[in-house]
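First comes one chain, alone, set out as structure tokens in the form predicted alone.
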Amino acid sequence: MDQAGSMKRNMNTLPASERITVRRLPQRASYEEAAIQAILDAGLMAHVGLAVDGQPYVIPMVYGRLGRNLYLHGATVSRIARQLAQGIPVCFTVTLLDGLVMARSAFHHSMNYRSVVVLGTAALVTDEAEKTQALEAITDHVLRGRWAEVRPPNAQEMKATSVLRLPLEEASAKVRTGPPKDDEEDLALDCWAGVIPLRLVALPPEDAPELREGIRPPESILEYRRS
């Protein structure tokens, strides 16, 4: 690890791990817990990788975070939920795309992004209180305060849902920002270079077809924004 990477491991970082250490462009890496949690909290969808009988799978999943624990949920009967509940190793990733980096050369085109990789073993949540808290965290991760606005899961729905806990212990973040980094000899080329910023934007809400007349969206819906 270079000096820049070493400087980013301090008393506020998650425990060091060789297999989670960023080796390609390590100056873009961060192991600070606050930076990792900020990216996770800003994301909406994770991709969870696991191998079942030698076959790799990468599954998009909604998630939530409570402290140093990530929570995933799925149907109890689903193969992926059953496999994860057995305690197999997983790779959990979240990526936020912030811009397209247009360089003067094809080689130096890139993207501005924030990403997190978490390695670990998921465990089935069996405590009912923790399971309820986890489902609330997942729901409110998508829309803050939504859990309090809707009907909570009933006993049958809770039984049909598996919740898995993934400790946020072995993780790293990687971030790219700024303009393209062209070679000096290319700076005089007659070619536009710069960044096309990107962001996720919420459009006006659309009523469900069965919505009773007169019910309007609450402020949490009308003011919904992604950071």
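For every residue, the number given is its place in the sequence shown, counted from 1. As the structure is a prediction and not an experimental result, all values here were calculated from the model.
Although it is not shown, the form predicted together with another copy of the chain is what the next lines describe.
Using a 4.5 angstroms threshold between heavy atoms, residue 67 stays clear of another copy of the chain in the model of the complex. Another copy of the chain is not drawn, but in the model of the complex it has a heavy atom within 4.5 Å of residue 188. Another copy of the chain in the model of the complex is approached by residue 104, whose closest heavy atom lies within 4.5 angstroms of it. In the model of the complex, at least one heavy atom of residue 50 sits within 4.5 Å of a heavy atom of another copy of the chain.
In the model of the complex, another copy of the chain lies within 4.5 angstroms of at least one heavy atom of each of the following residues of 188-217: 188, 189, 190, 191, 192, 193, 194, 195, 196, 197, 198, 199, 200, 201, 202, 203, 204, 205, 206, 207, 208, 209, 210, 211, 212, 215, 216, 217, in sequence order.
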